[in-house]
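In the block that follows, a single chain appears as structure tokens, in the form predicted alone.
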Amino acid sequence: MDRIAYAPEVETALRDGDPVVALESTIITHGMPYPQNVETARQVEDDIRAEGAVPATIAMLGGVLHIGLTDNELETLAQAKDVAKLSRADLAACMAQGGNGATTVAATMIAARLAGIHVFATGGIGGVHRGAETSFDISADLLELAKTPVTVVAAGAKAILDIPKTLEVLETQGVPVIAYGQDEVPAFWSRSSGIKAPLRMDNPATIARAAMLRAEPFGLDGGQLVVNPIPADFEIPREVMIPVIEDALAAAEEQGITAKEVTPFLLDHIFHATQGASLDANIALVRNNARLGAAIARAFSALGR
């Protein structure tokens, strides 16, 4: 049995050297309810096509790793129940058991590398959770960025995390953090975090060239993190979000929410506290990242990658 399947559109693009952008699937299975999840997924894929690239949504279906989903497969995934959330530790086990799984940032990076896809667009990466000095709760996304040569476009680390500590871990691991078009690191729902970005680039071609130069002549492992600020029209300012996040964190602690349950609990709490504005912002920033991802993928293609 084939363990990896390519959607026809993606297979053709990779064969012809056309630009391809990888997309994760946890936003479909764990990010929002049906049918909004599949509508958003299709919208993001169409944004990538409109920018001259091919989308490759990645997921595990029946133990087969899919690089790109057909419309029917996307619909099936959007309505599936009890879908595993896959990171580096879970991919092989899910495949061995013939299961269904949605890929996180780390797992999507691994699949993209296997397929020869250089760019991956997502909403926000995982990072260092608040209180990690006692819980040791640090996302596998950060170590994957240090290992796997894929350029990841995100709106920064999710703002519920400890952003300064997340940036410290990325620096220690030698991961370039590149702010696109501004000097500050964005904070997911907010354009500003109050933290100066380690690097700034304003041109997708420069971002692609930097990734290629990491590999040759330097032979460096790992990828790049491009942090792309949310469009201004959809931003929830930092001064508005900080108290909302603090309330959500306090509620999680009071209710004893831990481990993998923390992030979905916090996001649901914030959704209700902002009367849905956080979800609207999330969709806007994912679409914005997809468009930038397509521009970077086109630059890779123009450079012969």
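The first residue of the sequence shown is number 1, and the count goes up from there. Keep in mind that this is a model prediction, so the values were computed, not measured.
There is also a form predicted together with a small molecule; it is not shown, and the following applies to it.
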Point to revise | Partner-facing stretch of 209-217, 143-151, 121-129, 174-182, counted where any non-hydrogen atom is within 4.5 angstroms of the small molecule in the predicted bound form | key: 121-129
Check your understanding: Do residue 85 and the small molecule share at least one heavy atom pair within 4.5 Å in the predicted bound form?
Key -> yes
Practice item. Give a yes/no on whether residue 244 approaches the small molecule to within 4.5 Å in the predicted bound form, heavy atoms considered. Key: no
Practice item. Evaluate residue 260 for contact with the small molecule in the predicted bound form, applying a 4.5 angstroms cut-off between non-hydrogen atoms, and reply yes or no. Key: yes
Check your understanding: Hey, in the predicted bound form, is residue 230 touching the small molecule, heavy atoms inside 4.5 Å?
Key -> no
Exercise for review: Could you check which residue among 117, 105, 225, 170 gets a heavy atom within 4.5 Å of the small molecule in the predicted bound form?
Suggested key: 105
Review point. Just one of 252, 267, 61, 236 has a heavy atom within 4.5 angstroms of the small molecule in the predicted bound form, so which one?
Key: 267
Practice item. Establish, in the predicted bound form, whether 186, 191 and 278 all lie within 4.5 Å of the small molecule, using non-hydrogen atoms for the distance. Key: no
